[in-house]
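Read the single chain below, which is given as structure tokens and is the form predicted alone.
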């Protein structure tokens, strides 16, 4: 693969299961060393997309390349160069950390396996627990072990499917520090997540809903493209007025943020005028707010329709 090429460059990927289209026309490009976030609700097609990219599923339509290999015809070659971390811990509970890594090394035919295992143990802070059974580890330590196993064969691309689900905030932070270290070393990362703070750590983002790509780009670019105006409304009893706010013509969404309500719409002038009258009538306060990724993604979801809904 030429270093000037995209690590992932796919166009119009489709995947169907029976009469249900799970991924519908996915186009995605990732450069070397990029951390790209996949966002979307459950059932949006994130996992299916990742499995097509790593060679576990063959697309029903579309074209493209992953690590220079054709995603339709060269899945075996892709698998050898990709590290895939699944949503659920998929290593062996009755083997120790060290034994798990040796097992994975044998599966991939890793040359210099013992040295590679030692580097993985020390690099991810697992050395002191090397003999602990994997089944006795906490969520954060299982996460480290899973990542270490993904790196055993020195992949150039990591595909991480909701890797931090169910782990504590410190473990999540430590995990993301490691991801950025790998990115700086030239490893490309595609990661799906539900957490907006994690999305902000990514270089670029793609938002999927019901199999379709709704937006892609840098976080700030996606926010700006939606053209949302957002106000933070606060004051006594504001929580009880959320439904009344939703009835204002210029209001497109209302979301609770602590003791405030974030009120958003695309017609900035009209929204400001309507809110000014509303807060004056109810003894509230309104302050201009910058639309967040969460505001924007909630807005995108309002326009997305589940094809299975009747």
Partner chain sequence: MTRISLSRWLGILIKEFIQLRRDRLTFGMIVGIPILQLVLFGFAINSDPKHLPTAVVIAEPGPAARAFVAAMQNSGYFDVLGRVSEDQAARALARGEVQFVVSFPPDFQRDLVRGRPVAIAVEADATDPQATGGAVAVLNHLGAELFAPDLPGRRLAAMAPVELRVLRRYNPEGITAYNIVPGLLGVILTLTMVLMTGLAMTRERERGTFENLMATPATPFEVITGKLVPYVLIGLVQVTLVLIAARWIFHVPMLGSIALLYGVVLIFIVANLVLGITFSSIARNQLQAMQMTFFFFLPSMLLSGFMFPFRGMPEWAQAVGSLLPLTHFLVLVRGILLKASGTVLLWPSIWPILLFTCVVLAVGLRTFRRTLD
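A quick note: this is a predicted structure, and the numbers were derived from the prediction, not measured. Residue numbers count along the first chain shown, from 1.
One more form of this protein, predicted in complex with the partner chain, exists but is not displayed; see below.
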240, 278 and 289 - do all three of these have some heavy atom no more than 4.5 Å from the partner chain in the predicted bound form? no
In this chain shown alone, the residue from 107, 111, 184, 225 with a heavy atom within 4.5 Å of the partner chain in the predicted bound form is 107
Just to confirm, with a 4.5 Å cut-off on non-hydrogen atoms, which of 194, 88, 180, 131 contacts the partner chain in the predicted bound form? 88
Quick one: does residue 221 come within 4.5 Å of the partner chain in the predicted bound form, counting heavy atoms only? no
Is it the case that residue 80, even though its partner is missing from this view, gets within 4.5 Å of the partner chain in the predicted bound form, heavy atoms only? yes
Quick one: is residue 64 in contact with the partner chain in the predicted bound form, heavy atoms, 4.5 Å cut-off? no
With heavy atoms only and a cut-off of 4.5 Å, decide whether residue 299 touches the partner chain in the predicted bound form. no
Among 118-126, 89-97, 206-214, 168-176, which stretch sits within 4.5 Å of the partner chain in the predicted bound form, heavy atoms only? 89-97
Counting only non-hydrogen atoms and a 4.5 Å cut-off, give the residues of 55-77 close to the partner chain in the predicted bound form. 55, 56, 57, 58, 76
